[in-house]
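So this first bit is one chain, no partners, the form predicted alone, shown in structure tokens.
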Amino acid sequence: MTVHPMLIAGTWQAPAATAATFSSRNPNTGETFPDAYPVATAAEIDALLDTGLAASIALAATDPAKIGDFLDAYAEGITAAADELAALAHAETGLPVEPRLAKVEIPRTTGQLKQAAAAARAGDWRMPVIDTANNLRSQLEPLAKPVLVIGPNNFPFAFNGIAGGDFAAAIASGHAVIAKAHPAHPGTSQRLAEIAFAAVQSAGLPAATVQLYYRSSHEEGHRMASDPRLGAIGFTGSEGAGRKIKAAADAVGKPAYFELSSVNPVAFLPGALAEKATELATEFSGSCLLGVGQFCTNPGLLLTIAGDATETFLATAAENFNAAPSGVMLVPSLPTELDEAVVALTAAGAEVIGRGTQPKEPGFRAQPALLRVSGATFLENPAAFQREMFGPGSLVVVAADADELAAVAAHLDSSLTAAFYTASDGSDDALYDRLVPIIAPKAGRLLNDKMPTGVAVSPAMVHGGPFPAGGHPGFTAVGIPASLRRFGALRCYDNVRPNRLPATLQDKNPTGTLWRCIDGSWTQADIG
């Protein structure tokens, strides 16, 4: 059995012979992979923090162009190894090579890294503000401490702790990253770390700019999250784990940013269903079943009003779910958790109206599920009907009328997204105007006439929302340069001598293109 090393302080360190280890499993077959990965000890966690702190102090004073060079080189290295990486991730996650990994996720990942490289060089994420009358100057600056990035199981590249959006944002804003590999795809994470470290060396950055470990005990994880040597945390994963990390971080005032549970409500208003109930049912089913439902923006809760068009919609959607095959999920617990959620929802009063084919093949396979519940029953216990079904499952709430639908909306929890489908003739506009002020403040992204599943890598994208969907309603995990600002410390220079100011706050614009707010106006000009 091969026990793989961790990347600590610029070296691949083999664990002690007595170290605890774990192995991942093949989702397609259920078989355990022969390779093993170590559980980090207290001494190894300390080494990650010590060297990450030293690297972050150095990076805070490093030319951002060098950081950009690293991110570009890393993106190029991933592209060069794309076939190898896609095959490895497929084996560990069951996600298809084509088109999901090779054509969609890997290009998205390299695109994020390149956008982050450009943002590092441009410096606009710092948002410099200068008040010449009072000789005050302020901007966002690096924390001068490492960022712990913990990625989820469902995106082995685009949200990976060693390659994804949080990683790119933390590095581009001048921080070393301590990445925790997800135990479902440790081999993919290790290979990414090898490519990242080669790019670190070629760019001449501190050796501990990127570090990787695979797992720690709960006690060591809690200690790490609250350690003063750590600057911030970026976590994408389950609400249960996220709440524990948040508690540890909050206890010491550490900034931590989360992407957790979300049911992503979609309202199909009566006029829209009257226009094209069958087409909308097909669109919804495709979104919910896409990727076996393993997206954080999966439409898990539908809001409707009773009527003939609604019944047509539900009948078509139920047919689609009944015909859907059982799909491979990422880890063995997910199909079980989906089944448990269906049982809990039916016990609370929901009705199963569509259930996919029973899994017959080996591996971690989930049976799609579509349920319905009346608005009145939902209102009796709103919390019971907002349990996230991570996977190919969704619940339709059928309200008796607009007033009951508004009451349902008032009891919704926070989500990453909220979507509305309305009639083209304007017949739904009044109800839309009534519902949006109730629902929109509970979500980070508002959609019209489209499913929430896709998350474009755009400066205007918001992928976050109020807790517990996100960690903070003012920040986003996707969208550069905004995502970089999560890891910035706002620092003011009061009457500081000109030669002691950071270049971005001096009278001369250091790049000629950096946007700065000077005496109330955003400009690229020099002062004086």
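Note that residue numbering follows the sequence shown and begins at 1. What you see is a predicted model, and the numbers here were worked out from it, not measured in a lab.
Below, we turn to the form predicted in complex with a further copy of the same chain, even though it does not appear here.
K.L.:
Checking a candidate spot here: are Ala86, Thr357 and Leu371 all in contact with a further copy of the same chain in the predicted bound form (at least one heavy atom each within 4.5 Å)?
P.N.:
Judged in the predicted bound form, none of Ala86, Thr357 and Leu371 sits within 4.5 Å of a further copy of the same chain.
K.L.:
Just checking whether Lys66 would be counted as a contact of a further copy of the same chain in the predicted bound form - the rule being heavy atoms within 4.5 angstroms.
P.N.:
No, Lys66 sits far enough from a further copy of the same chain in the predicted bound form that none of its heavy atoms falls within 4.5 Å.
K.L.:
Just checking whether Asp131 would be counted as a contact of a further copy of the same chain in the predicted bound form - the rule being heavy atoms within 4.5 angstroms.
P.N.:
Result yes; Asp131 sits at the interface with a further copy of the same chain in the predicted bound form.
K.L.:
Considering only heavy atoms, tell me if Gly187 and a further copy of the same chain come within 4.5 Å of each other in the predicted bound form.
P.N.:
Contact with a further copy of the same chain, no.
K.L.:
Please check if Ser458 has a heavy atom lying within 4.5 Å of any heavy atom of a further copy of the same chain in the predicted bound form.
P.N.:
Yes.
K.L.:
Work out which of Gly286, Gly204, Pro99, Gly253 lies within 4.5 Å of a further copy of the same chain in the predicted bound form, going by heavy atoms.
P.N.:
Looking at Gly286, Gly204, Pro99, Gly253 one by one, just Gly253 meets the 4.5 Å heavy-atom criterion.
K.L.:
Of Ala348, Leu290, Leu447, Ala410, which one comes within 4.5 Å of a further copy of the same chain in the predicted bound form, counting heavy atoms only?
P.N.:
Selected residue: Leu447.
K.L.:
Would you mind picking out the stretch of 24-32, 483-491, 66-74, 37-45 that comes within 4.5 angstroms of a further copy of the same chain in the predicted bound form, counting non-hydrogen atoms?
P.N.:
It is the stretch 483-491.
K.L.:
Do any residues of 109-140 have a non-hydrogen atom within 4.5 angstroms of a further copy of the same chain in the predicted bound form? If so, which ones, in sequence order?
P.N.:
The stretch touches the partner through Met127, Val129, Ile130, Asp131, Asn134, Leu136, Arg137, Ser138, Leu140.
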